[in-house]
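Before any questions on binding or motion, here is one chain by itself as structure tokens, the form predicted alone.
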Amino acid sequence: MGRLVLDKVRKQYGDGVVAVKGLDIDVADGEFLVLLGPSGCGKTTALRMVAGLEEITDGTIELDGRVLNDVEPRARDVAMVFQNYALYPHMSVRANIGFPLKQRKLGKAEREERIGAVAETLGLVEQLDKKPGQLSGGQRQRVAMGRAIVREPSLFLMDEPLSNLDAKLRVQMRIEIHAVQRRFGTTTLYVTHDQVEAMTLGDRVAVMREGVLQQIATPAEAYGAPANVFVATFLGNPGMNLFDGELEVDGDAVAVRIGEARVPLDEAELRSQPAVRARGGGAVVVGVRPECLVVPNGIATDRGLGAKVELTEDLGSNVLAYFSIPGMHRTPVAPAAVDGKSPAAAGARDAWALGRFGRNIHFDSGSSVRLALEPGAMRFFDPDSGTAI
């Protein structure tokens, strides 16, 4: 078993800095939960509090109903994988993996059996008698994982374990971490600032900003229905386009003015965001994912936008295109979910819309084009709070 519950967990340092502000998270037994956010958002501090490496200022941390607040790290039944591997350079791979078992005073035969099983799982059998200095970065990270796995803990804690690897190795290790976690079924709390890792590894993603939990959801839910404008722009590469808009409600019909265009909402948008119609009109922030700006070709022309091509970037597998749209402005990312400030107070500014297209689409810089919004493409946010409507 490995159910982890953080109840109103808070961390304040002696200088008055509050790193984590009332964090509430419930991680199910066997779940892979990713804490995601920019540097300084409090995700690693939260992980270290679970591990017992940081004291909790307020709140409660429970693992399978056992309160961990005052439990020593070694007695918490958790295993941690660090960013820097933290291997003993003078020990062999065999000794590094088996070190936690030796600390528990397990017999040699049982230690060897468990070390062998873990090494087989992680593809380390041929490296067992080597020292860490003789291994590649990926192999060293496997050893660090093996040392955690061999303990058979209730909870894995992983603190940006792939950040020291090159891009190709990160992809390979993501696959291996996912496979190992699924095989052992151990509850895992994983910290990263890399949204690709978060979206591919996590059963759910907990997005944090400045010590505050912004949204906890499946990757698909967080991407498709972000809770606020911060999540909307942080998730996605590039993030969601955000524009000033004005809702117009006429009976059952709802439309939004974006710049000089008037775009009717379709049933998918109204069904997924019922509060939009109930709002009865007024200012909104309109969010559109770059891949949802398309060349019309079958899309209803009443959902079209006139645009001018400003710049294109050929990324090989796809093309990014930047457009200016008459009368369109972009609303800055709202800090409202953190400190209550209104994004409108920061002032809207002129900006380009960004679209992602397949290689078969070609744009000439400076040309005028007609774009359309895919059905269900628009998401709406309150301009004062920044939260989803």
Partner chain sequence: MTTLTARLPKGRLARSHGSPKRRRARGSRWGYIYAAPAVALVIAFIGVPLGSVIYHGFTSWNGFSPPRWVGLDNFKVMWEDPIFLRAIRNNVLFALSVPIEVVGALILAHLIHERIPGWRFFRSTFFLPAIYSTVVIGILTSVVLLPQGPFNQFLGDVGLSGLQHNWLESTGTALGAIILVVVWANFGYSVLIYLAGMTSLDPQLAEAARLDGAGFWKILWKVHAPNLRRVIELVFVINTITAFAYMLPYIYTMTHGGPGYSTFATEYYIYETGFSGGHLGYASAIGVMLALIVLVIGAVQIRVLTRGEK
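The structure presented is a predicted model; accordingly, all values stated were derived computationally and were not measured. Positions refer to the first chain, counted from 1.
The same protein also exists as the form predicted together with its partner chain; that form is not shown, yet it is the one meant from here on.
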Quiz prompt | in the predicted bound form, residue 74 touching its partner chain (heavy atom, 4.5 Å) | solution = yes
Exercise. Find out whether any non-hydrogen atom of residue 54 is located within 4.5 angstroms of its partner chain in the predicted bound form, and reply yes or no.
Key: yes
Quiz item: Heavy atoms within 4.5 Å of its partner chain in the predicted bound form: does residue 48 have any?
Solution: yes
Quiz item: Looking at the partner-bound form in the predicted bound form, is residue 324 within 4.5 Å of its partner chain by any heavy atom?
Solution: no
Self-check item: Option from 23-31, 316-324, 65-73, 354-362 whose residues, in the predicted bound form, bring a heavy atom within 4.5 Å of its partner chain
Solution: 65-73
